[in-house]
Structures are given as C-alpha cells and as structure tokens.
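Presented as structure tokens, the chain that follows is alone, the form predicted alone.
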Amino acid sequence: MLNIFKKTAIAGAMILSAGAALAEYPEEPIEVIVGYSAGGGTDVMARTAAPFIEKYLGDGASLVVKNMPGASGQIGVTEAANADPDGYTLGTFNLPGMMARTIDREAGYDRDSFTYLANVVNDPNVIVTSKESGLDTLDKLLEEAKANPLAVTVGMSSLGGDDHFALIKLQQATDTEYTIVPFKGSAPARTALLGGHVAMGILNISEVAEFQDQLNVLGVATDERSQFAPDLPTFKEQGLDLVNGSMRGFIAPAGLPEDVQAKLIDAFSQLSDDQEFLDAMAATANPVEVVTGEEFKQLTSDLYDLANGVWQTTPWN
C-alpha cells in the first residue's frame, strides 16, 4: 500500500513539474531577428505581430525585434538558424527568398535547420515607377524597356526573392530586360524610387500603400484586385499574366523543445481570429494568411522546389 502511495506521489510530482516547466516559458525576453532593414514589409509584420504574441504567450512575455539586414536576408535567418533552440531566439522567414538563398550560394542553413512556427502574411507584388521617370503606365514602361534593353533600372530588396522572381516572370512574359539595383531591404529600395535614383521598382503592396501619391503604381500581381487598393488594376486586367508575392512568417532553430514549440504555435494560431490584429495589419495593407507548424513546413518545401525550378532555367547570380 505504501508503495502505491509513493508511486502516486512521484507521478503527481512529475505532472506538476512538467506543468510548471510549460508555464515558466518564457522566463526572459524573446529576441526576434529580422533579416531586413527597419520600415520594410518584414519588419512591419514582426513589429505589428509582436505585442499580440506577447498577449497570447502570457506570463509577462516580451518580444524584442532586432534588425540584421544584409545578403538578401541571409545574415538574419542564418543567425536565427544557429541560435540555441531554447525558444528565446526566433527569426522572420520570407518565401520564396529564404529557400532561394540555399540554391544560389552556400547558405549556412537548409530546409531542416528550422522549427516552422507560422506564416503570417501573403503580400502580392506591385510594379512602381518614379514620378520623374515619365513611365506612368504599364504600356509606357514596356515600350521603353523594349526600345532600350537594360536602360530601365529596377530597385528591389534582394536577388532571388519574390520581387526578383516577379521580374524574371515579367522579362519572360514580355521579352524585356532591365538593370537590377539590389538593396538591403524594401525600405531603402523605396527611398531610392522616391528620390528618382532608380526608374522602376518591384515591391509589395504593403510597402507602397502609404506612398501611392508619390509613386506611379502600375498594377498588382494578383488574380483579383486587392482589398487594400481596389482601384488598382491587376496585371491580368492589362493583358499581362503576372501573379507573384511574398510570404512572411516566423521560425525558430531546429530542435525546439516540444512544449515550447506547442506554446509558440498555439500563440501564432490565434492571430487569424484576433480582429484587433487583423485591423492592425489592414492598417499597414498586409494581407494576413496564417499557416502553422507542419503545414508551414510543407509550404516551404513546395516553394523550395519552385525556386529550384526557376534557378535551373534562369540563374539569378
């Protein structure tokens, strides 16, 4: 009888201990590494989502965003991949760009380097031009590009990212060529456009929503018009079959403890039903599309295969 009580007591202690361990996370601030400059689409997503994830995690959770721009986002995501898998370092994750980094260079990470938490945004591409360029319609842009190959300079946040894929699709569909000017994020690319230092840019709709009066926005790469710019025609409406965009989410290093992983995924899962969060994202023209855990991992694998297919036919470095 005494042994039964003893075993019961031990089992109860183990359950309480496990429950305490789960409840204790997080015990310190969680760093979120953003591989791009402040003010770009990825940075805006991270800073907008952070207070809501803090709320869902509870226990006084604190998320601290750290920008580590460079190498088309590779520096930041590599830092996140190689951090201790303890739940106190997360990273933003851009598709298809982060998988493209593993195809065109020695990346220091691969598909298996991460715990996949959640994709949060699916942000379509737009083509914009400087007011100084005089290229204020898609037809004018294509006419200039065909008449003077490589004369039109195009600013973008990275090579091998969604904006670059959009340009490759544009060139293939229209038999045109452009001179690429890459930046360390979309914010400096947009600044260059506003200053007239490049003629054209490929960005995302969230990144130009507040600048539509200062730039020529020629179209959006979606099947149907965006709710964030209902007056902006799709490229399909203009006779150009161009659909493309950026998916942005969050990862942690591979090997995250199961209880920590479960708590984080549960927190991110709540974003899609939080009207306050949806309103906050709508205010920045960020289209929300929450995909978590294994589904997010499969999405990453599918986009890797797509990026690899593009690389085989059109290497971008």
Partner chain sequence: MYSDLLHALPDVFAWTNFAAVVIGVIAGIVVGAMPGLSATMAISVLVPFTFGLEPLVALGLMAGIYNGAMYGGAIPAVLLRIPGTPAAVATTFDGYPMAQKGEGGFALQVAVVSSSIGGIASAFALMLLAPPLSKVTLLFGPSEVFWVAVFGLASIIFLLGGNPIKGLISACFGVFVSVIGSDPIYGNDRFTFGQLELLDGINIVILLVGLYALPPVIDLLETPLKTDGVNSSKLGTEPIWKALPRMNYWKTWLRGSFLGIWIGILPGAGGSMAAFMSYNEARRTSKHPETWGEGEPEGVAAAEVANNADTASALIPALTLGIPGTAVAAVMLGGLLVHGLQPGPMLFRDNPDIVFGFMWQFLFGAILLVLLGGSLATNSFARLLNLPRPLLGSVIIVLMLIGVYSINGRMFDVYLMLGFGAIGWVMDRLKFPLPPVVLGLILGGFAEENLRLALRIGRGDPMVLFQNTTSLILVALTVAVVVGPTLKKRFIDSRKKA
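Because the structure is a prediction, the values reported are computed rather than measured. Numbering follows the first chain given and starts at 1. Rigid core here is just the name for the largest C-alpha set that superposes within 1.5 Å across the two forms.
Unshown form predicted in complex with the partner chain; subsequent notes refer to it.
A single residue from the set 179, 172, 137, 82 has any heavy atom within 4.5 angstroms of the partner chain in the predicted complex; that residue is 179.
Site residues 102, 146 and 238 are none of them in contact with the partner chain in the predicted complex, judged by any heavy atom within 4.5 Å. In the predicted complex, the partner chain lies within 4.5 Å of some heavy atom of residue 72. The closest heavy atom approach of residue 214 to the partner chain in the predicted complex falls within 4.5 Å. At a distance threshold of 4.5 angstroms between non-hydrogen atoms, residue 283 is in contact with the partner chain in the predicted complex. Within 4.5 Å of some heavy atom of the partner chain in the predicted complex lies at least one heavy atom of residue 210.
Annotated contact segment (heavy atom within 4.5 Å of the partner chain in the predicted complex): 146 to 154, selected among 109 to 117, 217 to 225, 82 to 90, 146 to 154. Counting a residue when any of its non-hydrogen atoms is within 4.5 Å of the partner chain in the predicted complex, the hits in 169 to 198 run 179, 180, 181, 182, 183, 184, 187, 188, 190, 191, 194, 195, 197, 198. The Cα shift for residue 107 between this form and the one not shown, taken after rigid core superposition, is smaller than 2 angstroms. Core-aligned CA deviation for residue 198 between this form and the one not shown: 2 Å or greater. In the core-superposed comparison between this form and the one not shown, residue 247 has its Cα shifted by less than 2 Å. In the predicted complex, the CA atoms of residue 77 and residue 186 sit farther apart than in the displayed form, by at least 3 angstroms. Relative to what is shown, residue 157 and residue 67 are farther apart in the predicted complex; their C-alpha atoms differ in spacing by at least 3 Å.
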